[in-house]
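First comes one chain, alone, set out as C-alpha cells in the form predicted on its own.
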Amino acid sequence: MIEFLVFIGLPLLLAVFCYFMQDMIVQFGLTLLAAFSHICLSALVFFGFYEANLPVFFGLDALSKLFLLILSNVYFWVTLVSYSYLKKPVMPKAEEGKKFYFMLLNFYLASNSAAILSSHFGMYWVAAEATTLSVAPLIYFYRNEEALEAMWKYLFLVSVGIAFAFIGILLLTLSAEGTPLEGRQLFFADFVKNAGVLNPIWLKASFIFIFVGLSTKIGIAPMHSGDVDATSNAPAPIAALMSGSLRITALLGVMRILQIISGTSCYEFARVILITGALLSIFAAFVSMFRINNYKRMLAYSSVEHLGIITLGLGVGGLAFAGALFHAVYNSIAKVVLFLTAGNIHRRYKSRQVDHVKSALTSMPKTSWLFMLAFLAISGIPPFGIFFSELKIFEGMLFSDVPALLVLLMFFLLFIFINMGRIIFSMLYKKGSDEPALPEPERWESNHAVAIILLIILTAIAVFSPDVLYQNIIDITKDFGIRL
C-alpha cells in the first residue's frame, strides 16, 4: 500500500496541509519532497525494481507505467522551479494566487496519478474531473480579466467534455448487454478480454463520445480553444504542467477505449475518427501560425500540433503507433523547457505580444539561447528526441494503408516550422527603437539549470535509446494487438 500513499495519499494530505500552512518555504519543501518521492517510486516501478500492489480500482500496466513516469518527470521539474518563480514580483492582485499555489499543485499530482493508475472507467472519470478542478484556479493566478475569462472558458468546455465522456461510458455499458459483462463493474481489463462480444453500434457511439469529450482536455481540434486559452494565460510552470502532463492524462482515456476497440470490427471506424481529429489539430496549428502575435499562445498551438501528431500516430497504427508513444515522452520534456523560458521572457518584457519583445538575445542571452534550443527540439531537429520519434511516425505512415497523408502532414509541419521560426527569431534578433544601450545583465536562475538538464535528458534518451523504454513501448503495442 506504500505506493498508493506515495502516488495519491501523500499529495492529498499535503494539499490539506498547505491550505492551513502560511509559510511558503515549508509548503515548497514538502511539495518538493512529495515530487521527489513520486518520481523515485515511478522510476523504480518503470525500471522493474519494484512491484506495485495497488488497491481495487487501481492497477499498473505498461501504458500506465509510461504515462506515470511522464507525469512524475514533468511535475518534479515544475515543482523545483516554482518557488523561485513565486518569489519574483508580480501584480498585486496575483499575490492572492500564491497562497493556494502549492495546495493546488499537490491536488493536481494526486488527481492525475489517480487517473493514470485507475483500472476502472468510473474511477478514471472521477479523477479526470478532479484534474480539471485542480488546474482551473491556477489558470487564474494573475487575477486579471483575461485570465478569468480563460479559466471559466476552460472550466465550461472541459466540464461539457467530461459530461460527454460520461455519456460515452454509459454507452459502453449498453454495448455489454447480453454479454458476460452485463451488470458487472467497468474494469478496463474485463472489456479488453470480452471486446469481441460487445455490441459494435454502441461501442462506436461510446468511442465517439469519449474521444470528443476528452479532446477538450487533450487539445484536439475543433475542441481545442478552451485549452489553448488556458495554457496561454496560465503562469509558465502551470502552462508547462498542462502541456507536458495533463494532456497525456486525458489521452490515456482515449487509449483505453481504443484498446478495447482494437480487437473488434469497429477498429477501422475508430482509426478514421482519430486520424480526422489529428489532421484537424495540425491544420488548426498550421493556420494559427500565420496570424499569431502572442508567443505563449503560439506555444499553446504547438501543443495542439504535437498532440495531433501523437493522435495521428495512434490512428495510423503499426510503427507509427510506437513512434507516437516515443513522441509523447519527448514532447513532454521539450514543452517544459519552452514554457519555462517563455515565462522568463514574459517577466522581462511584461508582455506576451511578439511585437513588444525586441533583441531578447542581447538583453537576456541565457534564456534566449535555451528558448532557441527548445524551439529546435520541438521542431524535430537532430539530435533531439522528437526528430527520431517523428521519423518513426513518418515511416509508419509511409508503409501503412494511408501513405498519402504523409505528404499532407509534412506540408503542414514545414510551414509551422517556418512561421514559428520567423516569430522566435524576430523576438531574439529584431532591434527596437527604444532599447537601452547597456541592458541589465541577466542573472543565472534555477530554471536555466532545469532547462539545460532537460535538454540533455531529451538528447540522451534519443541517442542512447534505453532498452527499458523500448521494451515498455513494445509491451504497449502488444497490448493493443500491434506486432512490429
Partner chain sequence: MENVLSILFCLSLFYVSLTLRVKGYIAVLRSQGIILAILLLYPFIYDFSVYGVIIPLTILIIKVFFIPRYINKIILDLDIKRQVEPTIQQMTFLPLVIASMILIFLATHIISLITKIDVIPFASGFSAIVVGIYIMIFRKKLIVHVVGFLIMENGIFLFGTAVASELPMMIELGVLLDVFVVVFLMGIALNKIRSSFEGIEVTQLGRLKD
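Positions refer to the first chain, counted from 1. Being a predicted model, the structure only gives us computed values, none of them experimental.
The same protein also exists as the form predicted together with its partner chain; that form is not shown, yet it is the one meant from here on.
Shown here without its partner, the chain carries 149, 170 and 199, all of which come within 4.5 Å of its partner chain in the predicted complex through at least one heavy atom. With the partner omitted here, the stretch from 306-314, 202-210, 368-376, 237-245 that lies within 4.5 Å of its partner chain by heavy atoms in the predicted complex is 202-210. This chain is drawn without its partner chain; in the predicted complex, the residue among 189, 163, 414, 391 with a heavy atom within 4.5 Å of it is 163. Among the residues 383, 180, 122, 403, the one placing a heavy atom within 4.5 Å of its partner chain in the predicted complex is 122.
By the criterion of a heavy atom within 4.5 Å, residue 233 is counted among the residues contacting its partner chain in the predicted complex. At a distance threshold of 4.5 angstroms between non-hydrogen atoms, residue 271 is out of contact with its partner chain in the predicted complex. Contact check for residue 185: a heavy atom falls within 4.5 Å of its partner chain in the predicted complex.
Looking at residue 141, you'd find every heavy atom of it more than 4.5 angstroms from its partner chain in the predicted complex. In the predicted complex, its partner chain lies beyond 4.5 angstroms of every heavy atom of every residue of 441-456.
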